[in-house]
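Take a look at this single chain in structure tokens; it is the form predicted alone.
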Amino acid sequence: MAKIGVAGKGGTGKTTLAALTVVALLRNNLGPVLAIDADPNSNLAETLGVSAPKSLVEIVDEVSKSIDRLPAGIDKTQYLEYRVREAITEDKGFDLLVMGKTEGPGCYCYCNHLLREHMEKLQDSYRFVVMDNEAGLEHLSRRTTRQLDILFITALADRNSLLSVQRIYEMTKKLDLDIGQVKLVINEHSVLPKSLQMSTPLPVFFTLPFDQEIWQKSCAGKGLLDLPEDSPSYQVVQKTLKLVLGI
């Protein structure tokens, strides 16, 4: 089993890269794949073109409100585990688990704990786990992103975006998250100016080119599962995964 994470500021192509990674794994017959949307601003289901399942946050909220009406002979922990497994959507060769968005901070901490706990229980059932992380540093400090084989950090070729890359990279080192490889991905730019490249400790691993087909699908609210094989972005992601995973 291998775990791939994608992190970065919002708007840098993070979710698109996560979706393209799932698509490339499926097309290379490397399933089963577990896709995890750990971003409160959940868009991975839409980007893949599937219906979003009930989120962990919604499940915790529902169970908390019905704690006095649980089925006989089952405690809260067992019932939550049952509900989480029930919420995993099985669709077109992969499963999807969604973190969701909470109205307050208390529930989210527990949901992060729940996500870590169930990832450890579920991951051995899959050949690959692909996690679309929260934009920013919160997911790192909560340690939902740990024990990854690869962490892709997405950025645009501008100073603020690359400073975010530096903060994310430094956080992975500070927290000792046991991440095998950390790779920088630049979105929509073919050349990164040398002056900007100096602001990040990571060299550019690959560039995700502007892709007309992906842009059109995004505008139309369509997913990427049927993206043409000759899509420039898909081709880059597929070649990259073959390189880093040896597939």
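Worth saying up front: this structure is predicted, and the values here are computed from it rather than measured. Note that residue numbering begins at 1 and tracks the sequence as displayed.
One more form of this protein exists, namely the form predicted in complex with a small molecule; it is left out here, but the text below deals with it.
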Applying a 4.5 Å heavy atom distance criterion, does I36 contact the small molecule in the model of the complex? no
Just checking whether T21 would be counted as a contact of the small molecule in the model of the complex - the rule being heavy atoms within 4.5 angstroms. no
The small molecule contact in the model of the complex: N187, any heavy atom under 4.5 Å: yes
Look up in the model of the complex whether L48 has a non-hydrogen atom within 4.5 angstroms of the small molecule, and give yes or no. no
Since the chain is shown here on its own, which stretch among 25 to 33, 54 to 62, 174 to 182, 201 to 209 would lie within 4.5 Å of the small molecule in the model of the complex, judged by heavy atoms? 201 to 209
